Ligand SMILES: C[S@@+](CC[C@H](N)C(=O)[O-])C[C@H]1O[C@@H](n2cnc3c(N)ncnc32)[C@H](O)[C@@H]1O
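We begin with a single chain expressed as structure tokens, specifically the form predicted alone.
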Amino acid sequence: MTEPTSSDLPPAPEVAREVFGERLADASRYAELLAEVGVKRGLIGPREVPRLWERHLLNCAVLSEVVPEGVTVCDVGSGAGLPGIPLALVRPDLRITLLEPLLRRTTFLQEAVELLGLDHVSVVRGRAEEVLGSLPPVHVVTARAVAPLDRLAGWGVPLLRPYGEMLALKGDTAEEELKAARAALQKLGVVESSVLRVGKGLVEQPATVVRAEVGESPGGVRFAAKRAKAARTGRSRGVRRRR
């Protein structure tokens, strides 16, 4: 049995025109980039190529339904740019940071951002816990297939502004995962959590999203202290530079 190749990438389905609108051509370029360069560099598996549109691009783009207008977004563990790049294609009003620790992935992300002309997207190499304090807090953190919810929240929630939210694309076990993670989420300052279905009436299989909304202390007391320390360090460096 032969592995799928880039030639197995199906044409954009009709619903993609409705989802991506005038950016459909760029969405197609991104799909081709994933099917060719993404597979060659090991960013996605070759067996994903025939289902790139339904399972990946459309599944991620419909996340835009629950992202507020004009906010800042950090896509944690962005990998090959999912969900960050599809979200950027349909939401030019957002300022999006693709956060990814691996060099080969950030190289791909930078190439994709430049190819697609996504001026409202930046690529940062690093882990969430490393950029805490140096990356400005954001309104929304997104993630997909990064880690179990409790661990993901430990990375993503501290990056939020007060009263921000984390939106994690999850699978069929989202309800159970959220139930198991609720105590951990509360310790991180999450005050409200829920499971949403997005893309209903649009895509064949709606995407499942766990929403975790924080109060005035994202990450809880421990991370508030870390942020304060990082801010003091930044100020002291600035003073030394001015002297």
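None of the values given here were measured: they were computed from a predicted structure. Heads up: residue numbers just count along the shown sequence, starting at 1.
Missing here is the form predicted in complex with the ligand; even so, the following discussion is about that form.
Colleague: Open or blocked? Place the ligand on this chain by superposing the surrounding C-alphas onto its site in the model of the complex, and call it blocked when 3 or more ligand atoms come within 2.4 Å of backbone or C-beta atoms.
Modeller: After superposition, the ligand sits free of the main chain and C-betas, so open.
Colleague: Check V141 for me: does it contact the ligand in the model of the complex (non-hydrogen atoms, 4.5 angstroms)?
Modeller: Heavy-atom contact with the ligand at 4.5 Å: absent for V141.
Colleague: Answer with yes or no whether L115 is in contact with the ligand in the model of the complex, where contact means some heavy atom within 4.5 Å.
Modeller: L115: no, not in contact with the ligand in the model of the complex.
Colleague: With heavy atoms only and a cut-off of 4.5 Å, decide whether R105 touches the ligand in the model of the complex.
Modeller: Judged by the heavy-atom cut-off of 4.5 Å, R105 is in contact with the ligand in the model of the complex.
Colleague: Please run the contact check for V76 against the ligand in the model of the complex: heavy atoms, 4.5 angstroms, yes or no?
Modeller: Judged by the heavy-atom cut-off of 4.5 Å, V76 is in contact with the ligand in the model of the complex.
Colleague: Of these, P92, P148, P101, P162, which has a heavy atom no more than 4.5 Å from the ligand in the model of the complex?
Modeller: None of the others qualify; the residue that does is P101.
Colleague: Heavy atom within 4.5 Å of the ligand in the model of the complex: which residues of 109-140 meet that condition, in order?
Modeller: Residues within 4.5 Å: G126, R127, A128, E129.
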